[in-house]
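Only one chain is shown below, in structure tokens, and it's the form predicted alone.
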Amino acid sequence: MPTPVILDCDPGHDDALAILLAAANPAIDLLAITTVGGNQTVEKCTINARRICSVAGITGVPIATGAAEPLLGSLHIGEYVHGVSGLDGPAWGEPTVQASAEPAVDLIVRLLRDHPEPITLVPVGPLTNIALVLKTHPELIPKIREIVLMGGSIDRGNDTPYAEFNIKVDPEAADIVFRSAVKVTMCGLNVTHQALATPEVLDRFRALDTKLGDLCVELLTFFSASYLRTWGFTSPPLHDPVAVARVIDPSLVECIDAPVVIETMGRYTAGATCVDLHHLSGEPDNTLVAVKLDTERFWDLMIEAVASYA
């Protein structure tokens, strides 16, 4: 039976491919796509979710707009990576898939309450929506099978020296999620940096000879230029689909148990994920931390998903 999933995202180039993977793979029953302010404003992120669903022909999956701001402070967006639209690169037409009038948190709550089995939440942006659900409806925690997120890092950050972008945007929300009673799997930079969209990968997308394959090349070409300019990567890492891949086939992403604490107050470290790999703190394990990606099988999964839309 497919795993019921809500994908919470902030599209975003890698989010776009995460949507394509989640909607295409038969191991996932994609119940909804919810958006949050992060890579761009929440309004632009919602338009981008509609754009990718329109181009791919993904219908019947509600798209709901979520939190525009973090729990505290103002929104810090990732325009320096994803551009003014959040999905710069391709020339987008007017999206035909519409957004739901139901707010994202209300939609998540309703689906959790009404669905006959527990739902897996896959947040691949800031964790604001998920934290709001956990805080306002703790009675629904048993209805969450697990949270498999893209965010954090065992090592250094990518937005500040110690903080990964998704966690840095809303560290208070991340703190709520990691301290919750829900099973959490963290797919951080240390594993997503193994999912590099190399020239060989781009050639595989081109070889599909489809409109969507070519669109993925355009997206990843823009993304590649951003990563080269900002971090010196010659090939960009495809972060968000790694979390989706973990849900589809857990054997693709090797994890270890560890205590993880979110730094919320540090002058230089706010948003850091403090991963106690050697259990020095004496704190109990609260997170499955991804450490290794089966890169070859991951890209096979991604290419197969995009090919299925032809």
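These numbers come from a predicted model, not from an experiment. Residue indices: 1-based, along the sequence shown.
The form predicted together with a small molecule exists for this protein as well; it is not shown, and the discussion that follows is about that form.
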Taking the small molecule as it sits in the predicted bound form, is Phe165 near enough to touch it, meaning that at least one heavy atom pair lies within 4.5 angstroms? yes
Does at least one non-hydrogen atom of Leu215 fall within 4.5 angstroms of the small molecule in the predicted bound form? no
State yes or no: in the predicted bound form, is some non-hydrogen atom of Ile147 no more than 4.5 angstroms from a non-hydrogen atom of the small molecule? no
I'd like to know if Asp170 sits close to the small molecule in the predicted bound form, meaning any non-hydrogen atom pair within 4.5 angstroms. no
Counting only non-hydrogen atoms, the one stretch of 23 to 31, 239 to 247, 54 to 62, 262 to 270 within 4.5 angstroms of the small molecule in the predicted bound form is 239 to 247
Only one of Asn158, Thr185, Ser153, Ser224 has a non-hydrogen atom within 4.5 angstroms of the small molecule in the predicted bound form; which is it? Asn158
So which of Ile108, Val124, Leu87, Ala197 gets a non-hydrogen atom within 4.5 Å of the small molecule in the predicted bound form? Val124
